[in-house]
Ligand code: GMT
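Here's a solo chain for you in structure tokens, the form predicted on its own.
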Amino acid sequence: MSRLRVGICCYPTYGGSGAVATELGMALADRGHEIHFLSYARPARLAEFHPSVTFHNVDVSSYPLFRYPPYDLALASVMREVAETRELDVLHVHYAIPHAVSAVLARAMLGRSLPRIVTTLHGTDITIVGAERAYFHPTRFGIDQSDVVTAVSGWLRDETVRIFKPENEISVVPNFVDTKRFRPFDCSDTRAGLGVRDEVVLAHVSNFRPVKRVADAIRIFAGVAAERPARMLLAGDGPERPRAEAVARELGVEDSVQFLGEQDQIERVLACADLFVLPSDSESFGLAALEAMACGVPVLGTRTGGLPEVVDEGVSGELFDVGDVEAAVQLAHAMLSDEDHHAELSRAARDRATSAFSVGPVVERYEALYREALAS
């Protein structure tokens, strides 16, 4: 199989899109391809050295006349330079705005058909950013000018078609999880280090944006803690953290709730948990839930967006309506009270992650899409 030269553009933060883009690039490099990451900072999960992986930083000029530094133009310029000097076959961009539009501009500046542009839609680029009036037409333009467009769930594909009515066909390629890294293991030392004793542990991982409803996660935990010794671990950071801390104080559970901040070894946090809580307003996929499942942790999440495509309700976890904290608490009690039932949920969660969302088949699907784009 011939070696591909692929540029990958993503946001470098701890969110799901950046995590998937980074791990996709590393998996492609392991398969013998040449990978170039482009972003304004080194992606959070791009920690390991790999001889086939290069990171290209995007610097933005702070010219006094620019009220808002034009990151999209700086990105297009770096894309053009890397595509030309490294002879890229493909630019795989994660998020339509601004990445797809910058890629289209970069290719136009090159004046040729290569690199092919593959755009992966992750969610908020469609449901929030793209739906803004100022970004609606650029988003649709980026989608239609791409050679291949993918969405991480069937729900997101359908939403994109409903909102934008694009000319391009959109393929569903789900997110994936490294089931060797995210797996059940003995975490007694980690639990001891966190001060966890004879308690059930609930976990939540997110970027603490309003859509994640972190305060609801605290409320659900308080309901569980009212019936049994319990501890809650929250990993990540963002604008909703102060409100979540305030809710924990109001409910009197602040001593049992630990805010761990951003974690590089998130699998250690997840493997310590008995239940993963994701009460979001919307989830286009729910990568954090999938990573928890791969660790053998059942998920308690909302029946929204693409999350029902990840969590097999009643088998690998339970789902509830957005905002229905009382129902979530009752489901949590049912999942945690019966040890045999909890063990079945844990096994099913791990089985679903390994059978439906493992790395190999998803990476092979992307490879096939790259080659189809190059052959067209």
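Bear in mind the structure is a predicted one, so any value in this text is a computation, not a measurement. Numbering starts at 1 and follows the sequence shown.
Note that the form predicted together with this ligand isn't included here; everything after this is about it.
Asker: State the residue from 122, 157, 231, 107 whose non-hydrogen atoms include one within 4.5 Å of this ligand in the predicted complex.
Answerer: Checked against the cut-off, the match is 122.
Asker: Going by heavy atom distances of 4.5 angstroms or less, which of 82, 118, 257, 287 would be at the interface with this ligand in the predicted complex?
Answerer: Of the listed residues, the single hit is 287.
Asker: Any chance residue 213 has a heavy atom within 4.5 Å of this ligand in the predicted complex?
Answerer: Residue 213: no, not in contact with this ligand in the predicted complex.
Asker: In the predicted complex, is there a heavy atom of this ligand that lies within 4.5 Å of any heavy atom of residue 25, even though the partner is absent here?
Answerer: Residue 25: no contact with this ligand in the predicted complex.
Asker: If you check in the predicted complex, is residue 168 within 4.5 Å of this ligand, heavy atoms only?
Answerer: It does not: once this ligand is placed as it appears in the predicted complex, residue 168 has no heavy atom within 4.5 Å of it.
Asker: Does residue 152 make contact with this ligand in the predicted complex, using a 4.5 Å heavy atom cut-off?
Answerer: Residue 152 belongs to the contact set for this ligand.
Asker: If we take heavy atoms and a 4.5 Å cut-off, which stretch out of 97-105, 292-300, 263-271, 205-213 is in contact with this ligand in the predicted complex?
Answerer: Result of the contact check: 205-213.
Asker: Residue by residue through 154-182, tell me which have a non-hydrogen atom within 4.5 angstroms of this ligand in the predicted complex.
Answerer: The stretch touches the partner through 175 alone.
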